[in-house]
Ligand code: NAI
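One chain comes next, on its own, written as C-alpha cells: the form predicted on its own.
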Amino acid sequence: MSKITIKDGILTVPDHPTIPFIQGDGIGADIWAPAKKVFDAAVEKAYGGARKIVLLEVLAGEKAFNETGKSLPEETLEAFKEYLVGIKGPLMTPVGGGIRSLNVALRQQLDLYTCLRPVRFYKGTPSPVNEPEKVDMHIFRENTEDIYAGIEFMAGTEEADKFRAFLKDEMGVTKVRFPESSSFGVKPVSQEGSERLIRASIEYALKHNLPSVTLVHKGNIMKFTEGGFKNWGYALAEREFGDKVFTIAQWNELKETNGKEAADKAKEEALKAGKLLVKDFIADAFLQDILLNPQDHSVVATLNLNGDYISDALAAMVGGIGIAPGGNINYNSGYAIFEATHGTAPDIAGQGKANPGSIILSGTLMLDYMGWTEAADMIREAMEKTIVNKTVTGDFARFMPEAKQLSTSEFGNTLISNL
C-alpha cells in the first residue's frame, strides 16, 4: 500500500495513496457510498486514470463497538498515524462513561490542532440571509485546548469540593456566587497552542493570496486566556512574518505616537503594497458583523468554543451544515482527518434522504491538502451546477420552488454527471 509521507512540513503524495476512512454512524452509510463514487469519478476524470485513491476502512463508533467492543480501537488511531490522511463520516457519542466525544478524542489523540472550516456560498443554495454570496471565509478553529480539554468537576463531588477549597484557600478567590452548588470547569489556553494555530492561519492566507486574518476572541472579559490569544497572535505575526503583514496592533502604536492620520496612512500604504492585514474582533461583535459585513473577513483564527459557534452560524448563512466541509489538521506532523460536520441523524438513516454534500466537500478539502486541486475544483464546480439546476436532496428542495427532489444516491450520480 502506498503511503503519504511528510518531510520538513512538505507532503509527498504517491499516485495511488492509501486513505483510511470511517464510514460513520446513522446516515454515515447513506452518504459515504455516493461520496466515494464522486471522489473516484473526479480523480479519474482529472488525471485520466494516472491517479487513484485506495480506500481502507477503519472502525470507530457504533460499528466498531459492535465488532470489537471498543468505540475507538487503537488500530484505527494507528492507521491514521501510518497513512497520515483520512476521512470520516459522522460518529455517535458513546453512551455512559469513558470517551465524551469520538470526534474530540480523535482530535486530541492525534493532536489535530487546526479545525479548518471554509465557508462559501454555492449559487442557487437556499439561504436565510439577503446576500449570502458575500460570505467567503476560512475558519481556523483551535482544536485541542479551551473548554474542550474536558477538565470539569461536578457539583457535590469530592473533586469539586477540593477544587473549590483550593480556589478559596490557596488562590483567594471570592467571586464564586454559589460555591456549594457550583460545578467547575478549567479553560487552558497556551501560548504554544495559540501560536501554532495563528501561524497556520497566516501561512494559509499568504499562500492563497487572501486579504486578511481576523483574530476572534473574548479578551475584554477573559484577559489572560482569550486576551492572551489575541496578544500572542499579534506578536507572532510581527515577529515571524515581518513585512508581509500589517497588524492593527501596529496601527494602534502609530496612532499613539504619530496620530490617527499617520496610522491610517501607514495602513493604507501597507494594504496597497499587498500586505496581509491582521486584525482582531470581540467574539460577540464578530457574530453580529458576519451578518452585517461578511465581506470584511477572509481568514478567521479563533479559539475552540468560539470556533464552534462561528462555524455553524456561518454555515447557516450559506445553506446549513448539510453542505459544510471540515478538516482537522496538524500541519507539523501531517496528520489530517477530513469529516462531515453534521450529526448522525438516526431518524432518517437508511432512507436515502440525507444530503451527502458535507462529506463530499470535505473530500475536496482532503484533495486540496494532497495537492490534487484539479479534482477538488472539478467537484466544487459540479456541486454548484447541480444546485443551480435545482436537482437537490429534500433539505434544500423544500425551500426551492420547482426543485427536483433527489435521493442521497441520485444526488451523487447527478453530481458525477455534472463533473
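Because the structure is predicted, anything quoted here is derived from the model rather than measured. The numbering used is simple: start at 1 and walk along the sequence shown.
If you look for the form predicted in complex with the named molecule, you will not find it shown, but the lines that follow are about it.
Judged by heavy atoms within 4.5 Å of the named molecule in the model of the complex, the contact stretch among the candidates 147 to 155, 172 to 180, 206 to 214, 340 to 348 is 340 to 348. In the model of the complex, the named molecule lies within 4.5 Å of some heavy atom of residue 322. A residue is said to contact a partner when one of its heavy atoms sits within 4.5 Å of a partner heavy atom; residue 230 fails this definition for the named molecule in the model of the complex, lying far away.
Not displayed here, the named molecule is kept clear of residue 108 by more than 4.5 Å at the level of heavy atoms in the model of the complex. The shortest heavy atom separation between residue 93 and the named molecule in the model of the complex is within 4.5 Å. Taking a 4.5 Å heavy atom cutoff to the named molecule in the model of the complex, the contact residue among 392, 27, 375, 361 is 27. This chain lacks the partner; the member of 304, 71, 103, 330 within 4.5 angstroms of the named molecule in the model of the complex by a non-hydrogen atom is 103.
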